[in-house]
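The same protein chain appears twice below, in two forms, each given on its own as structure tokens and labelled structure 1 and structure 2.
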Structure 1
């Protein structure tokens, strides 16, 4: 049996790394007595795979992992047993059974939805966003194993708009590329936008970034991984 699991990483644990988060979830699977299948060979590994990692400092209610089990299990029972052993700040939200032959989540997830809150005195934020997105090229510098390289992130910003604006705080919603094919860190995009409006050196423009959901493209539609088990 293969199961897709959605979970949340909240404010209390937003500064733990993806590696530590994986270790915590592996330990929780053992403590909850989940019948996880293991690979064959001299060093058997649990058959657990994770979706695109969340950068340190961000919160999320749209994280995913998929698990192969040796025995059939009710998804609701899985959620209950996991939540009874997980530490505060990490919560399993839902789970569904999916076809074993479906490709890995990491290879099919392509987009993610974020809520981004920034403090800015700029009143005409919508005009600023419109001007920012009208640029055909928005270059940033990315660092990797092969050194630094310049990347045009404009094709990775699929939607960026304001959803509310108070006296000091603006909340924006963004759909960005995510996954193994191409991925844009939401914080990098925010820094790029703040630089565009001349606020890159203002420490008061602290951005709170929350990932709401991830999506894959299937049968001519964008769906969430949970919808794989409901079609």
Structure 2
């Protein structure tokens, strides 16, 4: 059977990389005695596929993986067994059985919702955001395998607004592109914004970025992978 699983990666594990997280989950699956299916060949790997990876340093309440089991298992039971063997900071939130034909998470997920807290002395942050977003083109340089290239991130910012403003900390809500078609790293966007408002180079270090949920588009609506699974 196949399942889509939603899980959280919280503060205590925010520095582990995506690769570390995969390894950690693979081992947790074995500890929990989950009958996960393995690939064939000399180096059998558990059949677990992940949604868009979370960059190091961020926390999340909305991560996804898709796992294939050799035997049937109640999703509730799965959550329960996993949570009793996961390190603190990683929690399985929910799981639903899905069909064999379910598309891969990476290919369907298109957007992610974030809360971004920054320390800033700028008072008129809303104005600043408006100015920032009114730019038709926001170019950043991405360094990849093929060297550096310039990318316009403006079309990948679908929403960006403040949700609360304290004395020192501003919390912004952002909806950004995620997934295999196009994706924008929230931290890069924050850096870009901070630069725009002329803040110190290293102040982005104080940004806390928290992913809340990921979405895909179906029948004219944005829904979560779990909702898609439930049909």
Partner chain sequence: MDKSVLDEILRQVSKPVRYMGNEYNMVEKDPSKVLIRFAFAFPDVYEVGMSHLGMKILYHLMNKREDTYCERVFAPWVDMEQKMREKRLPLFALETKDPIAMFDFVGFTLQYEMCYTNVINMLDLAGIPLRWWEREEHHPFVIAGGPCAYNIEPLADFFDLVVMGDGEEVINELLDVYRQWKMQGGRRQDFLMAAAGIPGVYVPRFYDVEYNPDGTVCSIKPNREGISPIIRKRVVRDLDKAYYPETMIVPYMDIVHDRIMLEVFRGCTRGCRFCQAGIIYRPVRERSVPRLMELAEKLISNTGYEELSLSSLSTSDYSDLEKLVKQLMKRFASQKVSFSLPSLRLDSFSRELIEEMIKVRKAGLTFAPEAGTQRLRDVINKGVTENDLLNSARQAFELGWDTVKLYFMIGLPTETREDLKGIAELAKKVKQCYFDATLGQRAHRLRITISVASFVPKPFTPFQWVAQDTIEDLNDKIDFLKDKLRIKSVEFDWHDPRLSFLEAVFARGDRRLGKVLLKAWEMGCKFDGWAELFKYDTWLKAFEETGIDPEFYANRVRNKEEVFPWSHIDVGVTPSFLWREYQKALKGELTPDCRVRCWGCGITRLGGLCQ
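Numbering follows the first chain given and starts at 1. For the two forms, the rigid core is made up of the largest set of C-alpha atoms that agree within 1.5 Å on superposition. Quick caveat: nothing in here was measured; it's all calculated off a predicted structure.
One of the two isolated chains is the form predicted alone, namely structure 1.
Annotation: Cα of residue 33 displaced by less than 2 Å between structures 1 and 2, core superposition. After superposition on the rigid core, the Cα of residue 45 moves by 2 Å or more between structures 1 and 2.
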